[in-house]
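What follows is a single chain, given as structure tokens, in the form predicted alone.
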Amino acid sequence: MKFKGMHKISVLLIILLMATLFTGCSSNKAEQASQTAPKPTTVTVTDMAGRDVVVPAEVKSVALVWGPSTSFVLALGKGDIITGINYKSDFAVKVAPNLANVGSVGKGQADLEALAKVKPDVFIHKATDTKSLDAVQALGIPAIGIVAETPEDLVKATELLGKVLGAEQKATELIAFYNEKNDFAKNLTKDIPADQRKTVIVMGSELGKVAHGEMLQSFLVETAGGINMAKDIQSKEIWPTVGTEQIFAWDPDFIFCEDYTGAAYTIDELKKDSSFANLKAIKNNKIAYIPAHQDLWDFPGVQSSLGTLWMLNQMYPEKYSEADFIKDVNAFYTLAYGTTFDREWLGY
């Protein structure tokens, strides 16, 4: 009886051993199959124009002709793969030195001939210009359309380009900073009564042109606790003209101006103008250019959170000091580019 019992145990051990060996072999074969299976060379994404676009799984080159798309690509740390661009600012070349040798493929509008020669893996453009997107696509170049005029769209654009360019982790970090600073500004000013909030207009490159309520500049003002006096203006113009008489009637606490090269006026000229000199904002020296000269903070992109923080400091310095603002500026550039920039050079 003892021998029979031992025999049964031996048989069971052999069966278990064989099962283990079989499982191990199967597992090894599965792992080998997984390792030898070809990785997908393309992925399909839906851009913000609602177009399904097939892009390389690993994008190694990108071309741009629309300013905001450059801001996104640079902040995502992909300036080194730009092989065609619209305009190379000093800031762009500083953060991506390779751009010094990159040629233009159009400014605002795509130069199809130049793009065909460069043949980038991906072309990034504004979603509203589907004609250009489709024309570039017809060249065999995947064309991605983005929208970035509202905070929600700005976040979506960052997520989309992070996926397309293989920078998803960086996109997540930038979005977290953007949302955190916007929430901070809202919470800091949420208890200010409506009749005590600072009134503001954001003026464009020409006198009388202002940012209405559907523009990014208006969001910056209101997130920072201000009231955009032009928020209810209805217009199809990007910068609607309301005229100087309306500006005098509003008489805002603050006037924030676009820092455009070639603008039709300067702040110094307005201060010397006998009519504008009567405005409250000018009397109290509460008129200023929106920073930064090198990296526009009211331009579509995650850097626009700095525009909100700058306005917050301008309007409510007792709640948010200049020292705290400088810390946040440095934190953003450290996150985005791994470095900080001289304040005078950056222009804020």
Partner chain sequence: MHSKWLVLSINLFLLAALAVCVVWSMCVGKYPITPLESLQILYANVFGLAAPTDQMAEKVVMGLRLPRILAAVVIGAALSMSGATYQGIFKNPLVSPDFLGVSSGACIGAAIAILMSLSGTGIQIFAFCGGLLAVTITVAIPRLLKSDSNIMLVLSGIIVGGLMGSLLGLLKYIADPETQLASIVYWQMGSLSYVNLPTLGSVMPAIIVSTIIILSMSWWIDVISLGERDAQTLGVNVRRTRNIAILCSTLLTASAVCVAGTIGWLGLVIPHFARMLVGPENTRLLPAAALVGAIFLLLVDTAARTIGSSEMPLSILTGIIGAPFFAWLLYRRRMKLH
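Since we're looking at a predicted model, the values are computed, not measured. Residue numbers count along the first chain shown, from 1.
The same protein also exists as the form predicted in complex with its partner chain; that form is not shown, yet it is the one meant from here on.
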In the predicted complex, the residue from Lys186, Lys117, Lys272, Lys163 with a non-hydrogen atom within 4.5 Å of its partner chain is Lys117
Residue (of Leu207, Leu99, Ile81, Ala135) lying close to its partner chain in the predicted complex, criterion heavy atoms within 4.5 Å = Ala135
Taking Glu152, Asp251 and Ile282 as a possible spot, do all three reach its partner chain in the predicted complex with a heavy atom inside 4.5 Å?
-> no
At the 4.5 Å heavy atom threshold, is Glu245 in contact with its partner chain in the predicted complex?
-> no
Using a 4.5 Å heavy atom cut-off, state whether Asn278 contacts its partner chain in the predicted complex.
-> no
If you check in the predicted complex, is Gly140 within 4.5 Å of its partner chain, heavy atoms only?
-> yes
Answer with yes or no whether Leu112 is in contact with its partner chain in the predicted complex, where contact means some heavy atom within 4.5 Å.
-> yes
For its partner chain in the predicted complex, the stretch among 223-231, 189-197, 264-272, 119-127 with residues bearing a heavy atom within 4.5 Å is 119-127
At a 4.5 angstroms cut-off on non-hydrogen atoms, which residues of 235-272 are near its partner chain in the predicted complex? List them in order.
-> Lys236, Glu237, Ile238
